[in-house]
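Coming up is one lone chain in structure tokens, specifically the form predicted alone.
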């Protein structure tokens, strides 16, 4: 192959009880990227559509991730990248992760897949480090592996793909305000009480168990964030009102997607999903904020190849 076009999906990180370790992949929302081989060694970003982002490699998450990968695999030729951004930067649904993961996925495909999907996580994390100030994998892992993922360790990188009930659906509400991950991290406390930490560990373990056993009641009881949500929710307009609307409409749980401002709800089946989406839309309309709402199955594949030649 000389050229590949891919779909790099959006994702939800943290998932309430799993700050920096838990995430899942969405289906209908994502970027498209075209990557082709060129004679000149290195990486070149030739086109960006949809967002005003830097073309300079060291200032672009896709470029940083691609360079990290090529440092581990020196070549006599290089790659040109086109980025068609459909995930708004600062939206909280993994805009930077889609670009970083998409770049390394596409290059790996053109090279004949010398790296596994798990190997690619390490390279994509470098792009995330540029976006948020520190490398993390809770968005890039589900984008590369699909479905739900758990980051057990960052050094060395150890990520587990989790099962997911087919009936589980996600509703994403994106208020059209921008909230940078780096800024949302600045308000977090550096220390938490032992009591809150123990509660959070219990919720995370129970939620993972619920994915394996398809126990939706346990899942609902576990989608509680004792540590991050109380602070970050203050940055999101009418968060508590939206949470109440989602839960009353049948949501298993409701929380902040990544660092926000997007919020998410999980639901058991499409009937509840539509009711929750309608309830959230009605609630935010009363506030007068522009928004987008997406209904998604859990994308168990992750990045998809659109075409190649």
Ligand code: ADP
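Numbering follows the first chain given and starts at 1. Note that the coordinates shown come from a computational prediction; the quantities given were computed from them, not determined experimentally.
The same protein also has a form predicted in complex with the ligand, omitted here; what follows describes it.
At least one heavy atom of residue 53 is located within 4.5 Å of the ligand in the predicted bound form.
Using a 4.5 angstroms threshold between heavy atoms, residue 88 counts as touching the ligand in the predicted bound form. Among heavy atoms of residue 142, none comes within 4.5 Å of the ligand in the predicted bound form. Contact annotation for residue 60: at least one heavy atom lies within 4.5 Å of the ligand in the predicted bound form. Just one of 137, 107, 171, 83 comes within 4.5 Å of the ligand in the predicted bound form, counting any heavy atom, and that one is 83. Only one of 89 to 97, 114 to 122, 226 to 234, 193 to 201 lies within 4.5 Å of the ligand in the predicted bound form by heavy atoms, and it is 89 to 97.
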